[in-house]
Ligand SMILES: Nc1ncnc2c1ncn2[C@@H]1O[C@H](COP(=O)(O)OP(=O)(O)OP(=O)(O)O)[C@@H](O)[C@H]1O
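In structure tokens, one chain follows: the form predicted on its own.
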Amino acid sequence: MSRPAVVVDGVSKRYRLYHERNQSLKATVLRRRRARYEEFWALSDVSFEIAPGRTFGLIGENGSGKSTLLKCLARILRPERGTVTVDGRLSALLELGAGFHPELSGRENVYLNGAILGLSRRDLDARFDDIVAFSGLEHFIDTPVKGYSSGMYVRLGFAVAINVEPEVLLVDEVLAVGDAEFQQRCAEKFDELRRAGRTIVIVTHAMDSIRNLCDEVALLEHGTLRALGPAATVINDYEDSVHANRRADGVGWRWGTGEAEIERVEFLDATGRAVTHVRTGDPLVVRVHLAAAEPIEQPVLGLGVHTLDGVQVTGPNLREAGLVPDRFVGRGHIDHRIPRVPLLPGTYDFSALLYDYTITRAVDARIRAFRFDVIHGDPAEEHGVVTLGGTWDLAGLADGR
């Protein structure tokens, strides 16, 4: 078997968090004491290996140690304990415009950045046109980069980093930069590097990108390695833990006559357990709890589902279903059963509205007051808001005609 491309062995990294820092030697003498600080371990005994040609993701909450670990891999930081071994040429894109001089043009910065990455002038001459074409900045390449937008910075830096033909490429939080065409170009380049046997390590909060690009994922939590394994498995478990304690109550707004009240809305899984997220394709019950001190004649309950940017996905109600009760008084609940959730991964706002039979007078309308998450399930689709639930049939290709 070939040796690993990357070996992280017992790596621990410490920072000092200063509460009171002496700004000069004079201050130290006058105060007669050293600066006060406490130690913070950003990484604690982290170990794993990455095989050649694999795309590896680092995930976790802010402050979990992802970027610190990536900087240790890039040899920007030196760990207090443990070792990092990288086999082959290393290229890293860790920060916006890292290695760029703002007063120099894009052209000059390509040569500067390439030299930092170990390429000769001849190598850069041979690759310059490909780098510029990939960045899409042909019209700005002779303009000082201080006038570039953040997206232009990253595009040029990314173009240099991946065109030096590295054995190991490190990428930190830049996958979402650029338009759809540039992101597609990046995805194709990642695939090209993988097929060429290159190793890629990615840090990003974009779970869809990690899921689509990575073979394996490491989950960091407060500097400790919590999980390591196939991308889909680790990401699914991580998303479950992130949403486990989330409250369903959102902000939203409310109005109505007040004759009755929507007390709360619950989301129940197949076992009847209250949850704040569900997978695409799983069963779900939306339970609306009602209270009315006086009888309400022919109340109509409706639900609304919106994306976070305000697009209404659906809005079923009892009247359209032909199930309007004659009257309601006291306390009770109404269930809306969904055999298979058709929503694709994302966060959605739910509304619950109680109207009279004409649906012109709101008794209690709680608009976008309940928030809910959908994560990857079956089918494992990515694009849009809902799945059509269709199936594919390739029988027509059987004979090649």
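All residue numbers are counted from 1 along the displayed sequence. All of these numbers come straight from a predicted model, not from anything done at the bench.
Another form exists, predicted in complex with the named molecule; not displayed. Remarks below refer to it.
Okay, which stretch from 40 to 48, 334 to 342, 353 to 361, 369 to 377 lines the named molecule in the predicted complex, with non-hydrogen atoms inside 4.5 Å? Selected stretch: 40 to 48.
Determine whether any heavy atom of residue 57 comes within 4.5 Å of a heavy atom of the named molecule in the predicted complex, and answer yes or no. The answer is no: residue 57 has no heavy atom within 4.5 Å of the named molecule.
Spell out, yes or no, whether the shortest heavy atom distance between residue 388 and the named molecule in the predicted complex is within 4.5 Å. Residue 388 lies outside the contact set for the named molecule.
How about residue 205 - does it come within 4.5 Å of the named molecule in the predicted complex, if we only consider non-hydrogen atoms? Yes.
Does residue 63 reach the named molecule in the predicted complex, with heavy atoms at most 4.5 Å apart? Yes.
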